[in-house]
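As a starting point, one isolated chain is supplied in structure tokens, in the form predicted alone.
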Amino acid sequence: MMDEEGFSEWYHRMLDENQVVDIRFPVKGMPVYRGAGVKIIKYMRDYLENLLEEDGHEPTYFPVVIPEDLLAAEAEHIAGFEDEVYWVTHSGITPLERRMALRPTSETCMYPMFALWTRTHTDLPIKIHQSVCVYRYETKHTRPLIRSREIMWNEGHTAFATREEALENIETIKKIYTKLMTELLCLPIEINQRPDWDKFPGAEYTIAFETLMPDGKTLQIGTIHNLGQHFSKVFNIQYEDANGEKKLAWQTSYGPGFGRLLAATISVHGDEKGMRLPPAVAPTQTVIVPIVFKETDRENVMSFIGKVEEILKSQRIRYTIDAGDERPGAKYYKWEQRGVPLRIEVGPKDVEKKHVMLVRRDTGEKTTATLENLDVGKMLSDIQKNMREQAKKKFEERTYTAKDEKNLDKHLGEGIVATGWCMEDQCAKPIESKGTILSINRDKKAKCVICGAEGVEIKVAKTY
């Protein structure tokens, strides 16, 4: 585990040197996404959108501005965002008749349209999603991808005839997000229901997906909100049932932040050499490095590499050839830092033996393979699986139990700590002065870590 200062230095260096984002754009909290960052986000976005659309979600794109009266229609909702909203007040030098908010989230933008689309029970369910940017004036210290003011995400919104359907939808989205995070990105996660004081404004409850960063802090990388009928009352989302009776719809909304998913993918898997990217989202899955010490060898080596290229193309592998003038060692360093999962080395002796040298980024293991046995797809699949298992093991090793305040202090900042709380405010305050209460498990008894009275289990961590 890295300390906070060491991780911060490493993280910023990875983003800069590997052309993930550039934070020098003159608006704080709004970085420029560069080639590597955009490509990784594209792979995760396409994967998620396919899963959502297989589940029946329709893709949409709503306007970026929300009139003030709509944003303020639900009092609890606007109160949750009033300090973070960007307002559009003028067209040129002419004041607008009503202020427009740059969307901080889209409930109040979408749900007036839901009301127009919903007449009878046959119009339901509504399940839509969009991949867009939202805007929040983050008042805390901004961090690239982790705490931004322009947030790239996918958001899903629904309306159902019954509460049961809404709850089923929440379970489905849990599975979809888990697949995105653990299968595609190899991220270990914990799913927690947030305490009531930390839920989404206007929701009945909020479910959060957390992973652990190298400095021991948790990063929230996705949320699901059970909205109940709060917004359908405000925006009059009604339907006529089979008996002609008017009823309010039941709603959910949810979203993972692509920036935070990118930050977690880079950070959780990284090591002292640099990034280690899961093959499924690596912009370059394989780099081929020709090793030529004499110009007379170049033609034979490059001809052999041409045959390797044909195999990679047939296996639909994303690859590049580094035929530059740098020494092999410098090339190895460069591509290891960029997180390329597999390196293929080809030198004159390899050509003679009609094989290639394969070097895995996840383990450093070196093997040889003939062209006939060169199954890069399988090796990348093995790397993906191993990275998932490595990350899960590290996550589990940083999950602790604290039965007293001394142990709570010891482990906070190292990972997620299960402890006890008597559910009294006077004990919540000292706990939350140390970290954030991620969840409350009322079904599991535990003695309060502060006063020792009987209570319930909570999970606590330092968070971003």
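Start at 1 and count along the sequence shown; that's the residue number. All of these numbers come straight from a predicted model, not from anything done at the bench.
Beyond what is shown, the protein has a form predicted in complex with another copy of the chain; the following relates to that form.
- When another copy of the chain is considered in the predicted complex, only one residue from 434, 398, 410, 39 comes within 4.5 Å through any heavy atom, namely 39.
- Comment: another copy of the chain is not present in this chain, but in the predicted complex one of 82, 190, 271, 198 has a heavy atom within 4.5 Å of it, namely 82.
- Although the partner is absent here, residue 24 is a contact residue: one of its heavy atoms lies within 4.5 angstroms of another copy of the chain in the predicted complex.
- Contact check for residue 47: no non-hydrogen atom falls within 4.5 Å of another copy of the chain in the predicted complex.
- At the 4.5 Å threshold, heavy atoms of residue 304 stay clear of another copy of the chain in the predicted complex, well away from it.
- Mapping the unseen interface onto this chain, residue 90 counts among the residues with a heavy atom inside 4.5 Å of another copy of the chain in the predicted complex.
- Annotated contacts: 289, 311 and 345 are all free of another copy of the chain in the predicted complex [non-hydrogen atom within 4.5 angstroms].
- The stretch among 434 to 442, 53 to 61, 402 to 410, 419 to 427 whose residues place heavy atoms within 4.5 Å of another copy of the chain in the predicted complex is 53 to 61.
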